[in-house]
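We begin with a single chain expressed as structure tokens, specifically the form predicted on its own.
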């Protein structure tokens, strides 16, 4: 795949005319998918696809085009020639782009991961572990490829092999236990441990559910629940453009010196430990880490090349939407086997959903509990809880009401498979929070 992409890039070099410059990016995958329902394999399939995007530039004018590649060099060369001709025609009528910025210093890189994935037929044995329960889920695994090239001679390549099994054990109505297992090397013992934990919670879901009154409760947010909150923050929370246009939900942290999070909150964009490539579509190389929040204080933003040009600052290689791809929240010291004891009396929450801002400027978030949430008394699970709605500010959740973060963290890969499998990932602990507000 790498040689094939570089051959395409060399071909594009030969097609340029009259001081034209090009940037191009390849996104490709070779993936296997297995869909499970009621504990049985329902739909095994595989996908191989390649997409090429070309940005043709002349001076400060540029235009983008994309095509799906076949993998056959001769036919793909013809497609590229037709696309370049169409882009060239468009370029004549396009005005200058005042914020166009692309890398002119050649920095070529190569990152190729090891393939330690099981064969697809071996993955089918997942059903051997689920003990006849109503297991529903999707297994996605395989190789993801990203390449960049430009007419200045820069070549970048990133490939990795990963898997993501996202599943639920279904009980009844809205009661299910949702979990996931993702990584680069399948370890059966680790998978079976997660299955055992899920089945233990499934037994609790079979008890009569309890409804509690709205109010403030001590809660434990599992990493999968905290993930939904962090994911919502990623929509404009860390980008320079959102800051300068006053649209960031974290704006108070920037404008009010007294507004901050708990000192134990240390959040970074950790490209070296994620799935996403260390380069982006304008050819800039991302730093290994970008500190976003340090000791509870907003430290720095993700800055795309366009924002860098507009606001006259240096880019740090962020993508155009300035959203993080490899978030990493530092752990605390709460041990896994001490979570229920530390919670004492309150609510254990595995999952949240339907999150949105009830007051964006105040970073106030509302949403619903989902799947397995439990009422805990004196450090022991007593009953499953019916669905509840929360409404709480980030400055409470991860600020003055935060009691502890767990020492153990979960590595969560995004499950999106729209167009291609996502390369987004997040590494998070769980969070123990006091006085968490429920409204319904």
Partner chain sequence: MKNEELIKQRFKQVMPQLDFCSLRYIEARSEALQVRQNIAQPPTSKHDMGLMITVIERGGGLGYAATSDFSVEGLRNAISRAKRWAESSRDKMITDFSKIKMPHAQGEYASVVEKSWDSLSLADKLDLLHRESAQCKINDKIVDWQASLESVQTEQLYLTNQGGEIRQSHDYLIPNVGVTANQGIETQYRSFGGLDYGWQGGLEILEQTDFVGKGHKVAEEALQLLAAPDCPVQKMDLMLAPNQMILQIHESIGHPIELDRILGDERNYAGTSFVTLDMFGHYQYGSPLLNVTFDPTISTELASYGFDDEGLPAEKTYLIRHGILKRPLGGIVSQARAGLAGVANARASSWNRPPIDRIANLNVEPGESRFEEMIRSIERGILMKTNLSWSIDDSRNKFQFGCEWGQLIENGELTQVVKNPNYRGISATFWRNLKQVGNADTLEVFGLLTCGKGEPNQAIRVGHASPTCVFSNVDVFGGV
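Predicted model only: the values in this text are computed from it and were never measured. Superpose the two forms; the largest set of C-alphas matching within 1.5 Å is the rigid core. Numbering follows the first chain given and starts at 1.
Omitted from view is the form predicted in complex with the partner chain, to which the following refers.
- Judged against the partner chain in the predicted complex with a 4.5 angstroms heavy atom cut-off, the residues 93, 128 and 306 are in contact without exception.
- Using a 4.5 Å cutoff between non-hydrogen atoms, residue 58 does not count as a contact of the partner chain in the predicted complex.
- Within 4.5 Å of some heavy atom of the partner chain in the predicted complex lies at least one heavy atom of residue 417.
- For residue 200, no non-hydrogen atom is located within 4.5 Å of the partner chain in the predicted complex, even though that partner is not displayed.
- With a 4.5 Å cutoff on heavy atoms, residue 48 counts as touching the partner chain in the predicted complex.
- Shown without its partner, this chain lists 296, 209, 137, 236 as candidates; in the predicted complex, only 137 has a non-hydrogen atom within 4.5 angstroms of the partner chain.
- Proximity to the partner chain in the predicted complex, defined as a heavy atom within 4.5 Å, holds among 144, 251, 80, 149 only for 251.
- Across the options 286-294, 69-77, 328-336, 192-200, residues that bring heavy atoms within 4.5 Å of the partner chain in the predicted complex belong to 69-77.
- Residues of 352-373 lying near the partner chain in the predicted complex, listed in sequence order, are 353, 354, 356, 357, 358, 359, 360, 361, 362, 364, 366, 367, 368, 370, 371, the criterion being any heavy atom within 4.5 Å.
- Core-superposed comparison between this form and the one not shown: the Cα of residue 65 travels less than 2 Å.
- After superposing the rigid core, the Cα of residue 54 is displaced by less than 2 Å between this form and the one not shown.
- Residue 314 shows a C-alpha shift below 2 Å between this form and the one not shown [criterion: core-superposed Cα displacement of 2 Å].
- Put simply, residue 311 and residue 258 come closer in the predicted complex: their C-alpha atoms are 3 Å or more nearer than in the form shown.
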